[in-house]
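Only one chain is given next, in structure tokens, and it is the form predicted alone.
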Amino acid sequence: MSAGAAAELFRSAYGRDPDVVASAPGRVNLIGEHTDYNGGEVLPMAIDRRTWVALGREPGAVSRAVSREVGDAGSFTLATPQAAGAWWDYVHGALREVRTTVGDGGAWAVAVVSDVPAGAGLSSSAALEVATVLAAAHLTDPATPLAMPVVAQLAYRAEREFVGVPCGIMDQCASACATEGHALRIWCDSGRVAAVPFDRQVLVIDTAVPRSLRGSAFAERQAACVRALKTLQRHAPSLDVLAHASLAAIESLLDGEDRRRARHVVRESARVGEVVEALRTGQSLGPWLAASHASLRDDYACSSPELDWVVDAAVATPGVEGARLTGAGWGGCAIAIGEAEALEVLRARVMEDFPGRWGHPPRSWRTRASRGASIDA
């Protein structure tokens, strides 16, 4: 798939060539789950699957959007923004942010093609938002290119404020700012980023159990984190984000679900720096991946039976360093890191045994740390 496919869809839908085509990748998170919206650290990488957005100016006030993967088309008016509860809300929100921040480019015609699976926890929505922001900003003010962190911030605001998903900045930042052959360490309290060399093979296994950040479970976890922070701040008013809390305070001042959720956040954020050091010194990542998955399963309660089965199969495969769920959980994907031959053995086992155990086939592919967003045509 390429920019040409997006341009062809645009021509088919609108009868003319697009003015620009931009693309952005999905991502997997190597370590640091549910820490971004709590001001912690994360270590995602862009994958070699992308979303392409072809964009052109549209006469009148009504913008239009088509998607090859979804199949249905939508229309919306940027001057009177209102979410429709449909896939094009992500496009609408992104264009609204460009209109507010960069300038009023009028109405738009949009065509989208993608090979990032939707609903799998690989940030298909962030890829769509980032590519849309980049394309629209390029046409609105070509003389002043937006820095990629700004692209990420506008895409993040589109998802959080317009679509209404209470997410953190990680997905949009990884999609916009990643570089080939590197993971991206992000300090979500400050927005600081650093490229971390990462040349290991990653197997992504999609359990094909759909999940959505619009669902209630994600909002419930975030609410628990907010409650935990407020409780801790009554005893330590200078505490700015939950990820900066001490484990001692969490254990002594919180109880029940709030204690477990906060404990995961603090330990998981600390694992990011430990994994970066392990990569620097050539250590196996297995212990940190195992600890992360156990914490997500037990303290954050966001795994699923299918994800646990995949992770167990991975760690039982010789040559696999480790595995864990990636993305928000409650379905979606797991990752395994290890030798290429071992990952192929694991893939074959999962593809053969999973359908008999869970009643439907999974999806899987090997990937590597890839480039971030770009103008492609």
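Predicted, not measured: the structure shown is a model, and the values here were computed from it. One-based numbering along the sequence shown.
The same protein has a further form, the form predicted in complex with a small molecule, not shown here; the description that follows concerns it.
query: Every residue in E69, V112 and G119 with a non-hydrogen atom within 4.5 Å of the small molecule in the model of the complex?
result: Contact check passed for all of E69, V112 and G119.
- prompt: Which of these residues, D206, E306, D258, E159, gets a heavy atom within 4.5 Å of the small molecule in the model of the complex?
  reply: Among D206, E306, D258, E159, a heavy atom within 4.5 Å of the small molecule in the model of the complex occurs only for E159.
- prompt: Among W288, F218, Y90, F76, which has any heavy atom within 4.5 Å of the small molecule in the model of the complex?
  reply: Exactly one listed residue reaches within 4.5 Å, namely Y90.
query: Taking 4.5 angstroms as the cut-off for heavy atoms, does S124 touch the small molecule in the model of the complex?
result: Flag for S124 set to yes.
message: Since only the chain is shown here, I'm wondering whether A137 would be in contact with the small molecule in the model of the complex (any heavy atom pair within 4.5 Å).
response: Contact check for A137: no, nothing within 4.5 Å of the small molecule in the model of the complex.
field: Partner contact for A183 in the model of the complex: the small molecule, 4.5 angstroms, heavy atom
entry: A183: no contact with the small molecule in the model of the complex.
message: So, M170 and the small molecule: in the model of the complex, are they within 4.5 Å at any heavy atom pair?
response: The answer is no: M170 has no heavy atom within 4.5 Å of the small molecule.
message: To test your reading of this chain, name the stretch in 244-252, 260-268, 291-299, 124-132 whose heavy atoms come within 4.5 Å of the small molecule in the model of the complex.
response: Residues of 124-132 come within 4.5 Å of the partner.
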